[in-house]
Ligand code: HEC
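Below sits a lone chain in C-alpha cells, taken as the form predicted on its own.
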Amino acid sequence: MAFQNYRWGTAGIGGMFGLSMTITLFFPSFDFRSAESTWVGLDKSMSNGRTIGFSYEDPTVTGQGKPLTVILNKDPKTGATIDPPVRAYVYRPGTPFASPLNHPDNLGPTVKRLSIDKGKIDQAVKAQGAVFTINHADVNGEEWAYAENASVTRGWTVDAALSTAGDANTKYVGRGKSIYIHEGCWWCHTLLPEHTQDWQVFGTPPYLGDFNGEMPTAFGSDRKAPDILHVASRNSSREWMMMHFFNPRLVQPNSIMPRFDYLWGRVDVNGNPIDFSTWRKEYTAYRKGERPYPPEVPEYARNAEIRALIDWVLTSLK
C-alpha cells in the first residue's frame, strides 16, 4: 500500500510539473508566432544566428558557428553604389541558419508571407551559404519589414559580400552576443527598459515581435547597472567602449563593474604581447596621482573577443 501511495504521488508530481511546463513554455509559443516580427526582431535573429546560448555547434558558448553582419555601401555583384548602405547577414557554407529562416512561422503571418513570396528565404541552402538582408514592403498602406535572401533575389554570393564589405565593415555581432551571455553581463545589465521613467533615460521598451526567433531571450533579471538596450544611441564611441571594458574605472571612477581586459587576448593589433602587469602598475600610479595620465589601452587584434563584444554593442544596441 505504501508503495502504491508513493507511485501515485510521484505520478501526480510529475503530471503537475509537466502541466506547469506546458503552460510556461508551450502555450506562450503560440503568442510569439502570432506576433509579427519587427525590423529589430529580424535584425537580432539574423545577426545572432541559430541560438545565442548553449548548443551542439557551440557547447562552450564562445560564439562559434555564427553569421557575420556586414555593412555594404556597394552592390557585391554590380559594384554600384548603395546609398544609404545596407546591412546584410552573411552565412558561410555550413553556418546554421537563424530560427526564422528555418521556421518562418516564427516570423508572424504577414512577415512570413512576404519573406517567402518576395524574400525567397525558403530557397536558401545551408550547405551553400547565403546572404540575407531586411527589405520593406507596403501591405494595405502599412510598411512591413521582411527577410530577403539576397543570394537569390540579387545574386549576392558569400565571398563577394565579405570582399565588398572588407574587414572594417564586418561586424561579429552574433559572436559578441554569445560573449555577452557567457561573461555574465546579463546578471547586471538588463535589455528591457521598464514602463516607467526609464523611457526618458534608456529609450523605448521593446515590443513582443522584437524577440521573434531569439533563442534564448536575454531579458535580464536584476538591475545592478544601467539598462543597455539602446546604449549605442547614447554613446557610439568605440574608443570609450574600449576603455570601459579594459578597466571601467577609466571612465567611471566609482564603477563596480569588473575588468574585462582578458578579452583582449595575449597580443595587440600589431601582434605584440600585451603587458597587463605593467599596465596595471601604471594605472595604480595614475590613481594615486603619481602620473598625470592613465596608460593607453592597447588596440585589440582583429580576432579578439573584445572586438566581437563591442561590435554587438555598437551595432545591435541602437
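Note that residue numbering begins at 1 and tracks the sequence as displayed. Keep in mind the model is a prediction, meaning the values are calculated, not measured.
Below, we turn to the form predicted in complex with the ligand, even though it does not appear here.
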Give a yes or no for residue 97: in the model of the complex, does one of its heavy atoms lie within 4.5 Å of a heavy atom belonging to the ligand? no
Contact between residue 257 and the ligand in the model of the complex at 4.5 Å, heavy atoms? yes
Wondering, does residue 234 line up within 4.5 Å of the ligand in the model of the complex on heavy atoms? yes
Would residue 245 sit within 4.5 Å of the ligand in the model of the complex, counting heavy atoms only? yes
Of the listed stretches (143-151, 100-108, 157-165, 183-191), which one has a non-hydrogen atom within 4.5 Å of the ligand in the model of the complex? 183-191
Listed residue (228, 124, 215, 86) with a non-hydrogen atom within 4.5 angstroms of the ligand in the model of the complex: 228
Report the residue, out of 134, 116, 71, 241, that has at least one non-hydrogen atom within 4.5 angstroms of the ligand in the model of the complex. 241
Can you tell me which bits of 66-83 touch the ligand in the model of the complex, meaning any heavy atom within 4.5 Å? none
